[in-house]
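Just one chain is shown here, as structure tokens, and it is the form predicted on its own.
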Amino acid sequence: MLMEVKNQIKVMFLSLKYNIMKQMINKVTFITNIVFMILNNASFIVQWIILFSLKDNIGGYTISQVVLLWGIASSTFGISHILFNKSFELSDLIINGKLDTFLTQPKNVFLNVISSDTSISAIGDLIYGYICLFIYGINISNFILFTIFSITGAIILASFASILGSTCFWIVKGDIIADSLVNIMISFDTYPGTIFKSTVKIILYTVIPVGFANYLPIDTMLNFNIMNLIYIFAFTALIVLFAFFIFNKGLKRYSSSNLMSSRI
């Protein structure tokens, strides 16, 4: 069992390595994509600077804490799209019958699919996340927690996208629902969780798990609480298991398009 897990992780990182090497053939394009993504993310902070010039805090958050929030959101997005980019395109693969090439390979189909592609611009998101951490104030404990929460957040985001994408095994045009909910989650994770109340907050910790991906990690970094850490790890494990379950359950209903394709 452990050997299978080790081999699967090795395959995932080999796929990441070759995807990046393939993109680096054109170094100018490679670097430009990363730099422009960093600049694109930085431009959104301007709106917060304007808001904080009018008010000392928003939802109890200061400008430095909002920068930290953006850092976690950015690095979470970055890691998820670097390692599991296809989880955000899973609905297209299912609807158009493009899973065939993965079914003939001996590795775990689900992990093989979602790790088969890398978004190079997402490297810019990851770098920007750590730039935000540096601006907020970096020390060993902050760096460790930030890295841990970036990884758990990325896993939660990718798992959420995979679960929604897997509904396309049952729902025609389920890609519209999947894309909409994933975009909603990405949008909400750049706003302080404290500005949302009652019903909306419940939804953001259940239906759309941005609470466990971003809000609880930020709260834990600002005011460390071991129970919050346990909740985050437990939820991450649960959503990963559910993502595996729903994909494998739906895979039994998969209909091939008989496309002649291969993956190197």
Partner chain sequence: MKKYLYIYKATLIENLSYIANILLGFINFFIMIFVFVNLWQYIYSDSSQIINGYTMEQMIWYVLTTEVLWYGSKNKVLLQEISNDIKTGNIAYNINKPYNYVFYILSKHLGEITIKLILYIIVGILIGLCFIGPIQNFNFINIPFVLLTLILGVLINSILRIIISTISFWIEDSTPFHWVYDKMILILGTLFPIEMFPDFLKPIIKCTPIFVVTYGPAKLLIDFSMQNFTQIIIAQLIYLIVSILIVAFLFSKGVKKLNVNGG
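Only a predicted model underlies this, so the values are computations on that prediction, with no experimental measurement involved. Numbering follows the first chain given and starts at 1.
We do not show the form predicted together with its partner chain, though everything after this point is about it.
Only one listed stretch (128-136, 80-88, 145-153, 189-197) carries heavy atoms within 4.5 Å of its partner chain in the predicted complex, and that stretch is 189-197. Ser141 falls outside the set of residues with a heavy atom inside 4.5 Å of its partner chain in the predicted complex. For Gln65, no non-hydrogen atom is located within 4.5 Å of its partner chain in the predicted complex, even though that partner is not displayed.
Remark: Ile58 counts among the residues lining its partner chain in the predicted complex, judged by a heavy atom distance of 4.5 Å or less.
For the chain shown alone, Asn33 is a contact residue for its partner chain in the predicted complex, at least one non-hydrogen atom being within 4.5 angstroms. Using a 4.5 Å heavy atom cutoff, Met37, Ser43 and Ser180 all lie near its partner chain in the predicted complex.
For the options Ala237, Leu51, Ile202, Ile230, the one in contact with its partner chain in the predicted complex, meaning a heavy atom within 4.5 Å, is Leu51. Scanning 109-123 for heavy atoms within 4.5 Å of its partner chain in the predicted complex gives just one residue, Ser121.
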